[in-house]
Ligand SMILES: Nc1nc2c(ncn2[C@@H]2O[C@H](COP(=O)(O)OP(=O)(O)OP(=O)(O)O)[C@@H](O)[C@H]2O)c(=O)[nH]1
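Given next, in structure tokens, is a single chain: the form predicted alone.
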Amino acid sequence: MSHTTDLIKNVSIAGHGQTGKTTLFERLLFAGGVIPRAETVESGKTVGDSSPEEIERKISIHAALGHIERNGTKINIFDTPGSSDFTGDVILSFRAAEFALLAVDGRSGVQIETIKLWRNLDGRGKPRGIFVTKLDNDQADFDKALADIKEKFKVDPVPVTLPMGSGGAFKGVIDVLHEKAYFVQGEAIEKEGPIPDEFRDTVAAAREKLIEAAAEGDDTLMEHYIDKGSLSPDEMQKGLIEALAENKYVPAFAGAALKNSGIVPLIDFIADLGPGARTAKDLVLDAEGKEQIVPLDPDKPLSALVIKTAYDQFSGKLSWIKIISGKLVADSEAFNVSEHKKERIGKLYTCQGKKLEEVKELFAGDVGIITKSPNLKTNDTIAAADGGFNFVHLRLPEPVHSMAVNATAKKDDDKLGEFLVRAAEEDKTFRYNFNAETKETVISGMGELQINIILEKIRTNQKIEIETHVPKVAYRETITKKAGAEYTHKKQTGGHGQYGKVLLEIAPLPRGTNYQFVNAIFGGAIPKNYIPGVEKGVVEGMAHGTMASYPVVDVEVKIVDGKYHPVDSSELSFKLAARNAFRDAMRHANPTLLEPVMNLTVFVEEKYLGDVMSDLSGKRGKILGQDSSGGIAEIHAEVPQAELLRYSIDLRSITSGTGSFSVAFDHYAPISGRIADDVIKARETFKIQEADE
């Protein structure tokens, strides 16, 4: 059954690993009547974790999508991974959902990934709520978790539900909005009942805070609240809907998902007060390449964004799609704006985990699946016609961990490449490319775990033996002083010969300038038609420096004089002369090696701060600054890329698996001494091996 826009809501469950997201997702489907019983992660039978890798490792690796219906409203729910290695699927869910529900462990409080996700949501202005989980645990404390949220995020969460007891004494939650209690019933759905007397004062105080949040939603409501000191139930509901849609407060929910506690009032809140699909906005690139905000609109012609690609062994290729305007109809034709061609739309589906449910149409706001479309890719824009705009691509973090790979048997290299390309399409934070400079196939991702899982899946399913090693660093060469050289290319073979003489002057340029060619020839010493040959020769000469045969950068090359022969000169002659002149000049210009330096941001618990900073110093890192808040430190540093090739492994070891980082190229910097000697020696070994092959 398809639902129209005003009856659709989308929510993403996100948070740090092991906070109970998949368990919460499973219990929402159970309470929503979608599944007959709720399974545990340990059983390997949950709707959310259905792939062999997830079942084996007992963690979420891919986003799962399910839906329930409440009071006629369809609620699409994304269950997302908690590990930073799989953050791409969290981000696609944030793009598709109007509301994010962050799971926070009632024992641990706010953890590193939650902080990073919160910042991502801030960048989007996305409404969010908090679900404090595992309150049936002895160390859990709802109030302490809310205080931690307040300290770290500078917001005061507004409790919508409150726990009745904690640890062994936990017996359920109270719905503050509707003034009802929900009691734990073992494996059954929680049971509604009256609020116990000992909690009435706590509920009254919480309800007052909820009324204040509602008053923020509308100027008229604020006036009513100031005049009367309260709001009616209808006014409360109206205010809470409007304030949440504008991200003016953060609702907080209590629960113990394994005991099915806190689930029913959470569903009621999302169905009745959660932001609806109509509140969504998206970003498009117009014909001039400028970003523009477009509102979700069911009354406009079809437009949609492919947010994810997956491959299922039974259903084939699955393209997850979010409808932004109009509606998509099965067995129809649309236009793939990204590919500039018509797209045949076959069957449409919604899903409960890996179980597909066929539908005839999907309305604006809904998320569904197109199967077996050979051309559709993640980030493609689908429209009724070529409307001249594309949706802005998913904004994903840059990979932080790289590895060089090859098939043990050379005959399997093409097959390996085919499945690495497929893996990169399924997870857009995973990259695969051939580095022509180092002659390596390099894969990159968000961490060692992500890459290992992808390679193990290929090894197991395709029976390909794979070798891995640390990738080579792309060094550069440059010069540090001015120099000049002349070279004459002269060859006589009978008939027309080859002749070209050039005199070059080279000088260093500021870092990042790369290359400038200056023609300073006067008086026709070299005819104009040969100057392009001179520049081609210089460019060829820069491709392999004189120290270790790395590309040369940041050099100005000036052609100042030369000589030609009216019969024997040619563009080729001047190209060869210029290439050799450049190399001769470079040898006299005090050449030096350059290494790539990365901009590194590390997130760690404060107790690991000293160890992490000491490690970075040992990696020739330059600490630029640090910020600490609520027990979490953020370190900014510049570190040579050569020192970071295994940093995801090093950081995991230092921080017991809790730290995370982001990294991006910043600049090239000179190296000398033993470090440069080692680079040159390694390069010579590589060239010998290459020659032997």
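Keep in mind that what you see is a predicted model, and the values were worked out from it rather than measured. Each residue number is its position in the shown sequence, starting from 1.
Keep in mind that the form predicted together with the named molecule is not shown, yet the notes after this line are about it.
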Hey, in the predicted complex, does P81 get a heavy atom within 4.5 angstroms of the named molecule? yes
Is there any non-hydrogen atom of K9 lying within 4.5 Å of the named molecule in the predicted complex? no
Against the named molecule in the predicted complex, would D627 count as a contact residue? Criterion: heavy atoms within 4.5 Å. no
In the predicted complex, does Q498 come within 4.5 Å of the named molecule, counting heavy atoms only? no
Among 552 to 560, 336 to 344, 131 to 139, 317 to 325, which stretch has residues with heavy atoms no more than 4.5 Å from the named molecule in the predicted complex? 131 to 139
One residue of M586, A364, A257, L305 in contact with the named molecule, assessed in the predicted complex (non-hydrogen atom, 4.5 angstroms): A257
In the predicted complex, the one of I59, L645, V639, V663 near the named molecule [non-hydrogen atom within 4.5 angstroms]: I59
The named molecule in the predicted complex reached by all of T114, E151 and P157, non-hydrogen atom within 4.5 Å: no
Within 10 to 28, which residues have a heavy atom closer than or equal to 4.5 Å from the named molecule in the predicted complex? H16, G17, Q18, T19, G20, K21, T22, T23
